[in-house]
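The chain below stands alone and is given in structure tokens; this is the form predicted on its own.
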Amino acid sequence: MDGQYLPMSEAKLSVLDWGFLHSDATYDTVHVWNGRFFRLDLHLDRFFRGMEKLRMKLPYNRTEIEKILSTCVALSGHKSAYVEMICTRGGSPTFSRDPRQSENRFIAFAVPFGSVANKEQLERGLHVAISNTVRIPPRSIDPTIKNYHWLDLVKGLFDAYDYGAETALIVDINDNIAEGPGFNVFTVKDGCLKTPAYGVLAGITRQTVFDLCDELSLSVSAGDIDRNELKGADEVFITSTAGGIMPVSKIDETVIGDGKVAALTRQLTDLYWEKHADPAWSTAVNYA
């Protein structure tokens, strides 16, 4: 933060930063597993695309940011970590509302790896509820820019908790399934995979599933998924940098398949974690 490495407990953000006041920021998160970044290049690609679309600029180039992230992890000592890079709009020195006058700000941090699903949920599958909350439409906020506009997702979470579920999926403006708080969703039906296409973040783990399916010669597509199609799937799983590929065993009151983690989900999950040691998919952290 501000060109310095410091403990998380000492990090401070101005209350006048537009990232705090207006959620005017973009970010990306990449995880480290056994001392290796997973698909760092794809995360950096998305981060820089987001900054360009938001007309933000930083004093660091791509190589310098990659080095900063690696140094954060090395200084933390974490072998498995959740690593975030953030660009906020910053603030205007004259308190103007003109974003062109702001001084953009870069922040990066590394914390211990965390997962959307805990160990028990990974073994038995998550219970997900579908909220009627509508995801912010792409004509309002470009979903390809990773952002902090989460109030719709937070409302969906409260709906799910009120229902007795463990997490939520919310819907798009056409009442089709969109995404959840920090994750995409996939269905499996007759050996074919499908994920929502409209108004969702193009997650890196989502893209990884497409790449794994290509390697395994599995059919995978993106398109509309309504509630009945989701509940009628043979298998359902969610994807996130925070946890990877995570099974879903129940949606609302509908048990998915036989209520257990099914074969294709397990196959993809196993291959996903195997790829973390592959130099073509991962980058070593320099702890020296």
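Computed from a prediction, not measured in an experiment: that's the story for all the values here. For every residue, the number given is its place in the sequence shown, counted from 1.
Not pictured, yet referred to below: the form predicted in complex with a small molecule.
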Looking at 119 to 127, 160 to 168, 209 to 217, 183 to 191, which stretch has residues with any non-hydrogen atom within 4.5 Å of the small molecule in the model of the complex?
183 to 191
Taking heavy atoms and a 4.5 Å cut-off, does A74 contact the small molecule in the model of the complex?
no
Proximity of G90 to the small molecule in the model of the complex, heavy atoms at 4.5 Å:
no
Taking heavy atoms and a 4.5 Å cut-off, does W33 contact the small molecule in the model of the complex?
no
With a cut-off of 4.5 Å between heavy atoms, is A81 one of the residues that contacts the small molecule in the model of the complex?
no
With the small molecule left out of view, which of M85, A110, I177, L153 would have a heavy atom within 4.5 Å of it in the model of the complex?
L153
